Ligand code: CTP
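To begin, one chain is listed below as structure tokens, in the form predicted on its own.
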Amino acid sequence: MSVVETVVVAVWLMLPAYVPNNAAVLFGGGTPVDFGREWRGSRVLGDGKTWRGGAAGVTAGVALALVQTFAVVEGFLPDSLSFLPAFEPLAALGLALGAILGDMGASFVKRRTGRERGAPFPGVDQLDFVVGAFVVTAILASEWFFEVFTVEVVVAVLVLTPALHVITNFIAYRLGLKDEPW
């Protein structure tokens, strides 16, 4: 696979993991996942992690993967993109759910390190959802995961994601969808 193809595959595979946290911001709100509870003097996760946001995020990620799979299976993609893989149902769920859980895990760590909601946590903020998506997908759809996430694709994801994260968060901030640009 060429470098360009590797980058295209990396972005294609990660779209169902890139979308959930954005959907959670757009459609979130309501009851916090931690129900307002504290642990060792600070919130477990905080008000930014809600049941509705998590459900919206997972739903959006899975729906996108289904659309992508439909495009592959039904031949709606141009021949030049015939190398793009379809998603197994459990892989779609793993990528979307893993992204949400990875972000929640980072919120838990942020609270334990004294960071407030929205405070920057360089490195963690950019890759928490990737780690979550990888782990959950590897558990739910291991054969598919290890077939499509080659070493080259994983490296591309780890290099591209921080840049994409910074750009999309800045855009969301400028559009008034986020309170901070990180």
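Residues carry their position along the shown sequence, with the first being 1. Please read all numbers here as calculations on a predicted model, not as lab measurements.
The form predicted together with the ligand exists for this protein as well; it is not shown, and the discussion that follows is about that form.
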Look at the stretches 146-154, 132-140, 66-74, 24-32 and give the one with heavy atoms within 4.5 Å of the ligand in the predicted bound form. 24-32
Taking the ligand in the predicted bound form as the reference, which of G123, G114, G118, G36 has a non-hydrogen atom within 4.5 Å? G118
Though only this chain appears here, would V62 touch the ligand in the predicted bound form if you measure heavy atom gaps against 4.5 Å? no
Closest heavy atom of M104 to the ligand in the predicted bound form, within 4.5 Å or not? yes
Within 63-95, which residues come within 4.5 Å of the ligand in the predicted bound form, counting heavy atoms only? none
